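Only one chain is shown below, in structure tokens, and it's the form predicted alone.
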């Protein structure tokens, strides 16, 4: 598969009062034709700025992006014929028009007469369960229906690249599943390339073989999801004790990095430990040995993608609190 999205050394700053705030710093990555890639990061990490630069809506201060060999800023006309984008807030639908009118209108804007894409329009309406809403104006639709219409508008004309910013934000479970299935179809059946930003870890785990994680304007990880899960799973353990810890033991274990004590009134004490090195495990075993605390079991823990994300971007802020992976932009 050839490279269809190429980002080289992208940097971008924005003015804020008397200084400039860095949104992106020398970001580079490639996406191959037919890939489905998740672009992740905490709020304010630079994801949406990167998406807008790829879509040709924002000019970078430095670097360049190419879509199918065309520069998104210098050759916007050619680039726009290669991609569709859905930005957060449903900006690619026209509120006074009905569902059917939106699809016809945007197909015409891209040079496709309605009769030529009628079969495609019918397919999208059916696939996204919009049949009962075809004559309803976009402004009267629920948030979920608007989001599905925005995706249908992006897909109404056959282009090789789809850029999505938070495609399932605020959707109910059923609508999110429909969009998930639609994205899998356009990648694996239609061989399109999809780059999406999201906070929805279930969506990423279900459909994104690869993720790029941005933190503070820089790429901190670019890898396959299965590799990340395997790497962190090998380091996560749970120790189950049959007795209870002394106050001194609890105090000493609390000082061990990435060790969390769970006191279960019915099932005893658990210690969850994510190992940066084996030294942490040996320290805890020494603490338990001092009072002959019986260990019932030591088990490798399953780890979810949100834990991996928090580990990669730095689990604690300066105030010692976990970074939020909230469901807002």
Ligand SMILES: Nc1ncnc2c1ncn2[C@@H]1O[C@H](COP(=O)(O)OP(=O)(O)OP(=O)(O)O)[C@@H](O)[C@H]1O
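Computed from a prediction, not measured in an experiment: that's the story for all the values here. Numbering follows the first chain given and starts at 1.
As for the form predicted in complex with the ligand, it is not shown, yet the points below apply to it.
message: Counting heavy atoms only and using a 4.5 Å cut-off, do 32, 127 and 178 all touch the ligand in the predicted bound form?
response: Checking in the predicted bound form: none of 32, 127 and 178 is within 4.5 Å of the ligand.
message: in the predicted bound form, is there a heavy atom of the ligand that lies within 4.5 Å of any heavy atom of residue 43, even though the partner is absent here?
response: So residue 43 counts as contacting the ligand.
- request: May I ask you to check whether residue 310 falls inside a 4.5 Å heavy atom distance of the ligand in the predicted bound form?
  value: No, residue 310 sits far enough from the ligand in the predicted bound form that none of its heavy atoms falls within 4.5 Å.
- request: May I ask you to check whether residue 200 falls inside a 4.5 Å heavy atom distance of the ligand in the predicted bound form?
  value: Residue 200 lies outside the contact set for the ligand.
query: Would residue 10 sit within 4.5 Å of the ligand in the predicted bound form, counting heavy atoms only?
result: So residue 10 does not count as contacting the ligand.
- prompt: When the ligand is placed as it is in the predicted bound form, which of 292-300, 259-267, 48-56, 66-74 ends up with heavy atoms within 4.5 Å of it?
  reply: Contact-bearing stretch, as computed: 48-56.
Residues from 170-193 in contact with the ligand (non-hydrogen atom within 4.5 Å) in the predicted bound form: If the 4.5 Å heavy-atom criterion is applied to the ligand in the predicted bound form, 170-193 yields nothing.
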